[in-house]
Structure formats: structure tokens, C-alpha cells
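Consider the single chain below, provided in C-alpha cells and representing the form predicted on its own.
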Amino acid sequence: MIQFDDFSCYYKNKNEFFCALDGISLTIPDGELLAVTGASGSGKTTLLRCILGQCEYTQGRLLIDDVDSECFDLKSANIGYIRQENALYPHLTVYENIAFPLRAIHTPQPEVDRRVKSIAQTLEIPYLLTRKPKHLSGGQQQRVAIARAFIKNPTLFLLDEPFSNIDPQLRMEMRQLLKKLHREFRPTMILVTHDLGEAFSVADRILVLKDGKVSQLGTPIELMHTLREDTL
């Protein structure tokens, strides 16, 4: 469970501080798929960065599994993270890209092979394992990036605008893939997106941020008649 309790985050610009998150109170239960949306600059990415311990100036409390974030051991935590730029290693094959997190913790080769082939099968990319990233389409690269992030079966999966650079048809396919992964593995997922259709189609709940504050929070059914593009 992740809990923000009257939590604020600031960025320093020269001698001035800018408030990016302003008094957020929010509980994200285990296994939930939460979509976070809002206008540019509303604090969406900052929310993820705070969970990852990448924000220096904060107030209030952020608890991860009932442990204060300042004491939480992020290095040993099983967290998957996908950004808009998938950042595959261009000199490695798809197989080695996916296997990289397991190699980093010295996983025995038979287990690496089993898990890489298993997640590749789930994501329908086993035929790509011998290719290099430059020979993949944008959608294929995104699947590989997701496979790499999922290879350690994360309990928490953070996604920051992961599908914004692919065409609408592929984006629909990736939404279905995301729901499939959530259904199979049941991690806690936090998806940052500017696309309301995406938020409504995949999320258990939707969080709307505005000027660093919680503007709306509810299930897609609860927000169906109140949340529109012009409200962001």
C-alpha cells in the first residue's frame, strides 16, 4: 500500500522554491491500477518521482508498505518503471535487453532463460528475441521495454506516459496488454497519462491533479459524467 499524508513536494530554482505537489492525501491499496491524469505541470510525473525517492524537498509523509519513504529501501524493492522513452540498449538483442535486470542480480542462466521466454510469450514477442532494437517498430520496442520491467515480477509498476509516442491503433493494443498484465500478475500499477480514454479504459480509479492538488478521485463510473478534457 502507498499512502500520501498531507504530502507536498518542491523544486528549487536558484533561491526560490516551486510547489509541484501541494498537500496530497491519497491511499493506493495493493493491487490497484490507478490512472493519474491532469494538465501539463499538474504534478503527475512528480508523484512517481516521489515514490522513487527522486525528490529532495518534501513535507508531510509518504508511506510505502507502512514504511516511511525516507527509510524505505528502494534498492531492494521490486519496482518496475516505464518512461515515455523506452531506453532499450541498442547493442543488445531483445533477449539480452529483457534479461538485463536478472543478470544484474546474478540470476542463474536456466532461470534467466525460463523467465525471459515466459514473459516474451505473455507479451507475444518470442519471435523478436534475437533481434536488435533498431530492427523493431515503436510498438515492438514498447513491448520489449514492458517485458524488461516485468521480468522480476514487480509488486509495484510505475508507468509515465508509456504509449504517447505510438499511433492510436497500437495504443489500443497496448492498453489491452496492460490490463492483461495487471490481471495476470496483480501488481500495484500507477499509470500517468494525459489521455482520458486511456485512463477510463484501464483504471480501477482515476486521480485528477490540478496545480499540484487532488482535483478529482474516483472510479471511471463515478467520474464518467464529471471528467472531460476541458476540466483538466
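The structure presented is a predicted model; accordingly, all values stated were derived computationally and were not measured. Just count from 1 along the sequence shown to find any residue number.
The same protein also has a form predicted together with ligand ADP, omitted here; what follows describes it.
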Of the listed stretches (40 to 48, 25 to 33, 172 to 180, 63 to 71), which one has a non-hydrogen atom within 4.5 Å of ligand ADP in the model of the complex?
40 to 48
Using the partner position in the model of the complex, report whether Ala20 sits within 4.5 Å of ligand ADP, counting heavy atoms only.
yes
Can you work out whether Asn13 and ligand ADP are in contact in the model of the complex, taking contact to mean some heavy atom pair no more than 4.5 Å apart?
yes
